[in-house]
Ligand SMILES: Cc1cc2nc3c(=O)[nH]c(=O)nc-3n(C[C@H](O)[C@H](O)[C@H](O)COP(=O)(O)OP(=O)(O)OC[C@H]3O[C@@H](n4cnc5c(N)ncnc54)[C@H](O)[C@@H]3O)c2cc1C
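In structure tokens, the next block holds one chain alone, the form predicted on its own.
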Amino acid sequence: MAEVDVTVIGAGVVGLAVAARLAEGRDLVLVERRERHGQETSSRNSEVVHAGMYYPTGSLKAVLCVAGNRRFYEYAEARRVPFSRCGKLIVAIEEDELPALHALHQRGLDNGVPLHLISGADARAMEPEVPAIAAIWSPTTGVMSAHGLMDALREDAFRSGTIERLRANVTGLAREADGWRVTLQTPAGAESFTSARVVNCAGLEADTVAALAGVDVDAAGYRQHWCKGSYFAVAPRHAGLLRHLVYPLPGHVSLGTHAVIGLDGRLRFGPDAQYLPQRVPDYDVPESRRAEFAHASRRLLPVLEEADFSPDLAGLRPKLQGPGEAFRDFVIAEESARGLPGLVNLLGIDSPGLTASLAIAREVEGLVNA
């Protein structure tokens, strides 16, 4: 008999949500290679609560984002996680953008997202400094405290008896008769235990963990690409310039350089999308990119000057979609069909993973209980 019921690998927001969801009534171990939870993708992003209009209808990203949006607000109110349901405008600036705006509006409606197509005059009444000729108004988009959400989920998991192993790197996953042999490298040395089930929420290294378990990640389409997104902050004197989030129409790889208002009122623009083929962590935001960011940002807010921008944060997200490739959905898969029963892999959990985290946890629960 296995020593524990479930091992969750990765204590980012998705791993924490899964642990909180699965821990009650189970012996659960949460493994994290960093010194504390949420130190990678989960803590380096725009903290936007997405609504779900961007993703193909019926995709996991669409379904889980829409469900996750609703669940987040319910959970945040119950657990006092800081958030602001400030809403978002997706704007068309040029006439030739109108067909894409209308198509995005229809996709959002098809996905079950509350949206309103509004005129340029109505958009400018909401945001006078934005030169919109038409816009989509998304009232359920907001911003949150990602750390507040993670802290609440961690508390829920601990309340149910979760054991947390920090600074523990998974170095082996081997299928045995009664489950999985999980081998860890810790500051104290190597150790191992058996777990009836393993849930791989390892974020940037989820494909590495899947490979340890015996998955041919290239044949499975599980190879992840690291994509860096950088942000530039706007001078504090412009605080209050916007009341809502403002986005352009999305690009092929990202949602485009957009305006985000933090819970602290700070205005920043980003992220861009820069693939890192060597998969070496890089959180530097060089001052030399100021002109590039200012140019993209001033399209939405012409009142800003280049001197108003300064380097802010950068984050890394794991994408299944490589450079120039078509849309790839989340992978959330129980691997019995690969001869690996009891293993659940989560790969390519980029945006909207933060928003969808509570819904992703329910999806994983269904696979674990099946």
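In this text, residue numbers run from 1 along the sequence as written. Note that the structure is a prediction, hence the values are computed from the model and not measured.
Omitted from view is the form predicted together with this ligand, to which the following refers.
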Option from 66-74, 332-340, 34-42, 301-309 whose residues, in the predicted complex, bring a heavy atom within 4.5 Å of this ligand: 34-42
In the predicted complex, Val199 touching this ligand (heavy atom, 4.5 Å): no
Contact of Tyr275 with this ligand in the predicted complex (heavy atom, 4.5 Å): no
Distance check, Ala168 to this ligand in the predicted complex, heavy atom within 4.5 Å: yes
Distance check, Val18 to this ligand in the predicted complex, heavy atom within 4.5 Å: no
In the predicted complex, the one of Glu97, Asp156, Glu127, Glu205 near this ligand [non-hydrogen atom within 4.5 angstroms]: Glu205
Site check Ala11, Ile349 and Gly353: each within 4.5 Å of this ligand in the predicted complex by heavy atom: yes
Contacts with this ligand in the predicted complex, stretch 301-334 (heavy atom within 4.5 Å): Gly315, Leu316, Arg317
